[in-house]
Structure formats: C-alpha cells, structure tokens
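To begin, one chain is listed below as structure tokens, in the form predicted on its own.
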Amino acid sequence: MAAAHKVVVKKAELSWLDRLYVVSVAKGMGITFAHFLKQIATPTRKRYTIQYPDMKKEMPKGYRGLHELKRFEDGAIKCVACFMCQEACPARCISIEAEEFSELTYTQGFEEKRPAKFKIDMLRCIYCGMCEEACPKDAIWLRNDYELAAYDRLSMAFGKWDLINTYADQDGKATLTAETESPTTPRRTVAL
C-alpha cells in the first residue's frame, strides 16, 4: 500500500483592511453601477430587461409554446384520433379517447373517428414538439405563446375544447363548444 502524502495548506492571513471588506464591496458596487449606466444608455427596445407585461419578448421562429388543435374551415376538428401524438410524446402527457362519428359508406374511410376526449397535462409537457411532428393530419400545432399560468393544478389539464379554442379569438374564428360541434355526418363532400 502506498503511503499517503500530506498536503500542507497555508492559512491566508488577511490584513485589517481586507477584513473590513471595504475594497471588495466597492468593487462589487462599481460593477453594479457600470451595468446600471449601460442599461440607462441603451435604447429601450435593445435592453436586456423587458418591462413585462407592457413589453413582450419576440419569440424566434420555430419556438414551441402553447398547443392548439386545428380545425377545418367549417369548424370540424382535423384530428382523426390516430393516437400518433400520444405514442410519440416522451412525457406521456397526452391522452385521447376516440369515438366513431360518420358513416363509412359516405366518407369512404376519409373520416370515421374523431377524439371524444383529448387531454394534455401542461404541467407534464416538455414542449418538445414530437406530437406536432408525429401528427399525419397536421392537427396539433405548438404556437408562440409562452404565457401560461393557473391557480391550481387541475386547470392546467387542457381538454379538447380548450385546445380547439386556444387561438380562436386571435385567428378570427368562432369559439366552439360540445353543442356547436360538427354533426355526426361531416358537411364536407369527399371526392370519390
């Protein structure tokens, strides 16, 4: 067995001026004052500090924020409940229950089911965009909004209607509810 080497550490002797920490505090205050002057001299739009909520940060293209379930022009949901987004989600925050809603002879297999329930637990979501990439119908999008707050955990579980109506006002669309959902037979004509 090798002999252990002793390491001798000398104790640093501080002078009386070093023990007062006046020089260290003055250096720190100088750095703070220099940052303050830099912020004052910088134009408002280029400052590091954003006066939220009066000013909002411009998010870069491709930013993944709040989810939205897209719909057709007639208001019908684009989602066909294929469960691809649910399977692709690494956080397992998406849950879907499908329902049949059209006659197969009428739609020729184009639309035969839709989500009866579509739920995303926003507290578990890691905003990776895998659900958006996996969707074959381009039905789920992650938009640029980053403002998401709630008073309790249950209100962060977004359901089907929350996700459909997330951006309805911004996009100029009517808000949908279960009563105004498209009928059992789709209004769109399917090319044969």
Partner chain sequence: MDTLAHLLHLSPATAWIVVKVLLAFGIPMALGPILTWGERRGSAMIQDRIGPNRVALFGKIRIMGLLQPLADGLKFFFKEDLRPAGANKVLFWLAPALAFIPAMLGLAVIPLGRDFVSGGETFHFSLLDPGNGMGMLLPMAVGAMAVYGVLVAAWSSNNKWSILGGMRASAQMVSYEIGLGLAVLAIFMATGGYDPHQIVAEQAKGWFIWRQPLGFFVFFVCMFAEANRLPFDFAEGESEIVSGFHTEYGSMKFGLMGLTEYVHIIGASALIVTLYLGGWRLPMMADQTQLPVLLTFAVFLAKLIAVSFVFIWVRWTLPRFRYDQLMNLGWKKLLPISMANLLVIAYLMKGR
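C-alpha atoms forming the largest set that superposes within 1.5 Å between two forms make up the rigid core. Since the structure is predicted, the reported quantities are computational estimates derived from the model, not experimental observations. Numbering follows the first chain given and starts at 1.
We do not show the form predicted together with the partner chain, though everything after this point is about it.
Novice: Whether 25, 28 and 40 jointly form a contact site for the partner chain in the predicted bound form is the question; each needs a heavy atom within 4.5 Å.
Specialist: Yes: 25, 28 and 40 each sit within 4.5 Å of the partner chain in the predicted bound form.
Novice: To verify the annotation, which of these, 56, 137, 35, 124, has a non-hydrogen atom within 4.5 Å of the partner chain in the predicted bound form?
Specialist: In short, 35.
Novice: With the partner left out of view, is residue 19 within 4.5 angstroms of the partner chain in the predicted bound form by any non-hydrogen atom?
Specialist: Output for residue 19 is yes: heavy atoms within 4.5 Å of the partner chain.
Novice: Taking any heavy atom pair closer than or equal to 4.5 Å as contact, tell me whether residue 48 reaches the partner chain in the predicted bound form.
Specialist: Close contact exists here: in the predicted bound form, residue 48 approaches the partner chain to within 4.5 Å, heavy atoms only.
Novice: In terms of non-hydrogen atoms within 4.5 angstroms, which of the given stretches 152 to 160, 128 to 136, 62 to 70, 48 to 56 touches the partner chain in the predicted bound form?
Specialist: Residues of 48 to 56 come within 4.5 Å of the partner.
Novice: Considering only 133 to 160, what residues come within 4.5 Å of the partner chain in the predicted bound form, judged by heavy atoms?
Specialist: Contacts from 133 to 160: none.
Novice: Rigid core fitted, is the C-alpha displacement of residue 154 between the shown form and the other one 2 Å or more?
Specialist: No, its C-alpha moves less than 2 Å.
Novice: Does residue 47 shift between the shown form and the other one by 2 angstroms or more at the C-alpha, the core having been superposed?
Specialist: Indeed, residue 47 is displaced by 2 Å or more.
Novice: C-alpha of residue 65: shift of 2 angstroms or more between the shown form and the other one, rigid core aligned?
Specialist: It does not reach a 2 Å shift.
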